[in-house]
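Take a look at this one chain, the form predicted alone, written out in structure tokens.
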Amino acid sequence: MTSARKTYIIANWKMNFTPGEASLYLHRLQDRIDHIPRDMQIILAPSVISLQSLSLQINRRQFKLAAQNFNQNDYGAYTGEVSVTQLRGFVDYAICGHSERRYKFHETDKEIGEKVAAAIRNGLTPILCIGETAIERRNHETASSIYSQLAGGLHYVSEEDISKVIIAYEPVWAISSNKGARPANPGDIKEASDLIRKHISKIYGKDTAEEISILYGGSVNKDTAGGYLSIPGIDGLLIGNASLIADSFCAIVETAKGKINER
């Protein structure tokens, strides 16, 4: 991590917690997490049905909220969908292209690019998730996968707006909820981070590549968080299962604070 970039700790609760459970869990976190450094941001991504109630409860100086997903159209005849326009006022961030959206719901790079653009258009910060599958890695296609997902996700992003985007590298083969998952080693993550910055540099310039925030997600827990945060070029963590347990998530936050104090 560099002193110019913030540290982001993002909790993706996925399809867990009822609105009541989410409220109680947020209350526990607000009681246990304090003294957040100015260059650190903690972001919570609950289910969409909990966003409105949590937006009234949350201490925005302590945490921010993110949408896990949304429709790329601002309005229209899309029964069952929620637009990012409807989420304005509730959230400050929006996750785009999470691997579960790509591989379970078959979202395309084009659709994800439209979602990134919609988030920016509506004043939210998009968190663009990219990462290769186990098959792509075995076939030595990591670089091409990263490049194609970045190109698609950033297709509609101008030079003026690229600074509003956060990139999250989450190799699908390392996500703990997937069968056969294995933790990524620091070398894998550093290589991917370098590839991302190299590609950003080609499109938007070297300075932009140095300034953009890159996070890591995949089997992150309280025991591995410190190692991941120590990798040069990694500015934070996207956390799944471990974010559902207060002790684990609070321990990760404390680890991140320690890394900031070491700068």
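Treat the numbers as computed from the prediction; the structure is a model and nothing was measured. Throughout, we count residues from 1 along the sequence that is shown.
Just so it is clear, the following notes concern the form predicted in complex with phosphoenolpyruvate, a form of the same protein that is not shown.
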* To do: Flag N12 as yes or no: does it have a non-hydrogen atom within 4.5 angstroms of any non-hydrogen atom of phosphoenolpyruvate in the predicted bound form?
  => yes
* **is_contact(S219, phosphoenolpyruvate) in the predicted bound form, heavy atom dist at most 4.5 Å** => yes
* Report whether the minimum heavy atom distance between N241 and phosphoenolpyruvate in the predicted bound form is within 4.5 Å. => yes
* Examine H98 and determine whether its closest non-hydrogen atom to phosphoenolpyruvate in the predicted bound form is within 4.5 angstroms. => yes
* Tell me the stretch among 219-227, 56-64, 206-214, 34-42 that has any heavy atom within 4.5 angstroms of phosphoenolpyruvate in the predicted bound form. => 219-227
* The unique member of I166, A117, A94, A174 whose heavy atoms fall within 4.5 Å of phosphoenolpyruvate in the predicted bound form -> A174
